[in-house]
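Heads up, the chain below is alone and in the form predicted on its own; it's given as structure tokens.
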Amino acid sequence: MNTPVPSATATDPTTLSLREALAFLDDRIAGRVLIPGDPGWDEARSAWNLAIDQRPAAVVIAADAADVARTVRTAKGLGLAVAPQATGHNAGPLAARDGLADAILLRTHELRGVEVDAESRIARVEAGAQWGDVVAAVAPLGLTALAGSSHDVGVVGYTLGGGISWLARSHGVAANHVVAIDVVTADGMARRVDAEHDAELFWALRGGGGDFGVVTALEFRLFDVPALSAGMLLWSIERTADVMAAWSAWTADLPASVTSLVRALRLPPMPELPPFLSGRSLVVVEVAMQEDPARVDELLAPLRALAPEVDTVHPQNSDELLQLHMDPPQPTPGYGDGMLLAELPPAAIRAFVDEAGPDSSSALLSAEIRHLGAMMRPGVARAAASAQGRPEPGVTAGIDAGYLVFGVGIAMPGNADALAESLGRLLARVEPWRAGTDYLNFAEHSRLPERFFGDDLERLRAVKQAVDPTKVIRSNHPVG
């Protein structure tokens, strides 16, 4: 900031004007405060999705947990909200409501620390850590984290929403394996919560999203995965109907050791892509299989019988999984949304192919269906936690659906309507098989909180009322 700092006698920022109070804060944190017009303002307020326009009252770039606490206390005194954000994934619902005009956007992306206790198989990560940071720290120790699908996905936001990894069908959602959370609540106080301390807040944070405080650190379990093969099977998009029908039937009897998805891809010509991908329209099956190579071959036989043009499935270490889904390696303008499906009968596959296959006019870059189930079922996850002597899972113990649909396109000048129409048609066609709930991390547009939390919503709202009665903390999907 360029505003002069108030005199040393002005010790109470709540008695100052907004500009003076922010200058007061800027002088007392290790990080920095930016307001509109400051150098670096546009970069600081940007979400990962560059199509999202965030316009907060100010941005605080925190350098440590103490900065987080000071920012929350200052915002509360000024009557402002605080919107915590690390990478800025899934920021659309947050920005759409009011542009954050009455909020401080609290960026935690510089807090990237990762500590690993290999003996206890516990990782402790700071608020801005990304999955690439974690995997780089744990892989040399022969350990695996329940990571997201890309290196630059933020660990905290992903986990607070539940967290679907490539090992999800065997291990459940990532939130189930959190053992402790450091959080600054709306009173500006730092708390360490776990199953014995602030148990209700601990329950709410594990899958309830970021509405209850600013998480400054997470501790979670790591795993030994002795056998892993992963990769993709690829065909021309003209094979979409056959491949998707075969994949759907294949998923009916898979063991929990296999997590997979199928998607239609329409890739633009891009020099960074290999020739077999660049500028092509394809149907792709991606798999992660915790089995020895012989069993992998046995399980994959029905899909390989369709003669894929490319087959990259091979034994690998778990750190390679970050490249499997081929997510963009840097912030990108996009438009997308998701939906959970209770089941995937042949009629649902036909509806999906009609809107995403070779004869559609879809403007989407990717339209995918992920296989859920097994340890992702809430009841199964709760039973497993009890049998293993682990604490009660959080509010998102699992996902009560069989499949997840997600469509996304790259937003460019002139194609906004085409993207919205293509995504709308896709989701409308599979609506008859929609599950009774939605999944927080794949809902990129606002939903009623009942859609995420069902009968647990009132319990969540009681937690919110207890820790943040004036709604200082603001998330992309508030509990109300």
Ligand SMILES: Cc1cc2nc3c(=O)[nH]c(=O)nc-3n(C[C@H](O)[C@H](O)[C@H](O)COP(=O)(O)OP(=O)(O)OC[C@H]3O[C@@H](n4cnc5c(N)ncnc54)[C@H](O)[C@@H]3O)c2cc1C
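From 1 onward, residues are counted along the sequence shown. Quick caveat: nothing in here was measured; it's all calculated off a predicted structure.
Here the subject shifts to the form predicted together with the named molecule, a form of this protein not shown in this document.
Although the partner is absent from the chain shown here, none of G132, V134 and G231 has a heavy atom within 4.5 Å of the named molecule in the predicted bound form. The candidate stretches are 275-283, 239-247, 350-358, 320-328, and the one lying within 4.5 Å of the named molecule in the predicted bound form by heavy atoms is 320-328. Although the partner is absent here, V258 is not a contact residue: none of its heavy atoms lies within 4.5 angstroms of the named molecule in the predicted bound form.
When contacts are judged by a 4.5 Å heavy atom cut-off, F202 does not count as touching the named molecule in the predicted bound form. Taking the partner from elsewhere, W48 is found to have a heavy atom lying within 4.5 Å of the named molecule in the predicted bound form. With a 4.5 Å cutoff on heavy atoms, T251 does not count as touching the named molecule in the predicted bound form; it lies far away. Scanning H89, R124, R266, R377 against the named molecule in the predicted bound form with a 4.5 Å heavy atom cut-off leaves one residue, H89.
The contact residue chosen from A103, V116, V313, V153 relative to the named molecule in the predicted bound form is V153, the criterion being a non-hydrogen atom within 4.5 angstroms. Taking the named molecule as it sits in the predicted bound form, the stretch 242-278 never comes within 4.5 angstroms of it through any non-hydrogen atom.
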